[in-house]
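First, one chain by itself: the form predicted alone, in structure tokens.
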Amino acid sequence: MNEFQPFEHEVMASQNEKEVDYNLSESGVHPLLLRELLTDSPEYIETLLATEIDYAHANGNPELRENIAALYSGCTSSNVLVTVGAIEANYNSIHTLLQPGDELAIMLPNYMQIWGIAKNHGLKINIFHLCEDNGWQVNLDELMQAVTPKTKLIAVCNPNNPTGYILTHEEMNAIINAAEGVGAWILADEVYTGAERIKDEETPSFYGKYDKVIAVGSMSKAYGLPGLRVGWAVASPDTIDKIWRRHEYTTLSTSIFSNKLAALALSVNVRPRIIQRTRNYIRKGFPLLQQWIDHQKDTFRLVPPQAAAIAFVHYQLDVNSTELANKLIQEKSVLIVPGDHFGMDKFIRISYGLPQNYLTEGLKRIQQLVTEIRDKHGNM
């Protein structure tokens, strides 16, 4: 049996995110207040108060599944399974499609959950990269090498975590063609759709472009509602039923209140307001981060993210990224994400979809530590 691979990113987050003064590790925008969610629907409070505290539909309440289905072309509620966050959707999808010894191709950098599941499940991992030197575009040569006749699944994240890069139509087609050529599935983590920074058009889904796709979404990132713990998988009804059978072993269902609040958030009257709020946070926060980086060009460089509330910042310091993150926690009470957690040292992931005063003070503390490290090394 393989030695268990802990989920290092979530270990650091769970131990520190509620303890530090400034949490710049968040991957979504600043969370909504319940009052904000109910702004346009104050009468909904009575609906909630009249709710029996019972199990929700195990696969998600019908209204919620219908609202999710409306986000995807050619999708109905039978194509949707509601899960406890995107993290459960990913986990049960992998366990549905793959057996120990199977081969998969994973995009890096990436949220390392699928990589860790593969390690713990005895799967063979092939890697293809997004390349910073090329604006985080897909290395198509690596993609072709990573996908072999034995590949059962290709795992992508679009818009990407941590870079905020959005795949072009040509890159999406290359991934689809690679999958189709060997009969592989595509597991598409699309939780940042709606959190676009430089355009209003929403990022297209892989769903509907190829028959062997599982598209994963969440209320956590583009909606600022991580505490609902609502995610979903969208796929063919037969595939959804198979994932549902695993869902009954892991979580059974998310809460009745989460189902109702998520359905409200995704309704045609409320969703546009939430998406605009998200984009406002992202579009106001990024210039502050960019200005901070511009003042420290000898230390940091950044390919500007096209979406999401996060930036993958390259740094030039003689210190490992995990060591740097730990020093920030211990000495400055600031939490960021080390590049090690995405398989790439000498990077840090910083969130900027935050209240401006909070973001500015957090960045100031990072700069203080960087100055101290430079001064120390300069005097050695």
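Residue numbers here begin at 1 and follow the sequence given. Given the structure is predicted, the values throughout are model-derived calculations rather than measurements.
This next part talks about the form predicted in complex with a small molecule, which is not shown.
In the model of the complex, none of the heavy atoms of residue 81 sits within 4.5 Å of a heavy atom of the small molecule.
Using a 4.5 angstroms limit between non-hydrogen atoms, residue 259 is distant from the small molecule in the model of the complex.
Contact annotation: residue 279 falls outside 4.5 Å of the small molecule in the model of the complex, judged by heavy atom distances. When contacts are judged by a 4.5 Å heavy atom cut-off, residue 234 does not count as touching the small molecule in the model of the complex. The candidate spot formed by 290, 312 and 363 is out of contact with the small molecule in the model of the complex: none of the three has a heavy atom within 4.5 Å.
Only one of 291-299, 195-203, 216-224, 139-147 lies within 4.5 Å of the small molecule in the model of the complex by heavy atoms, and it is 216-224.
The single contact residue among 307, 104, 167, 157, judged by any heavy atom lying within 4.5 Å of the small molecule in the model of the complex, is 157.
Interface residue among 75, 186, 265, 87 relative to the small molecule in the model of the complex, by the heavy atom within 4.5 Å criterion: 87.
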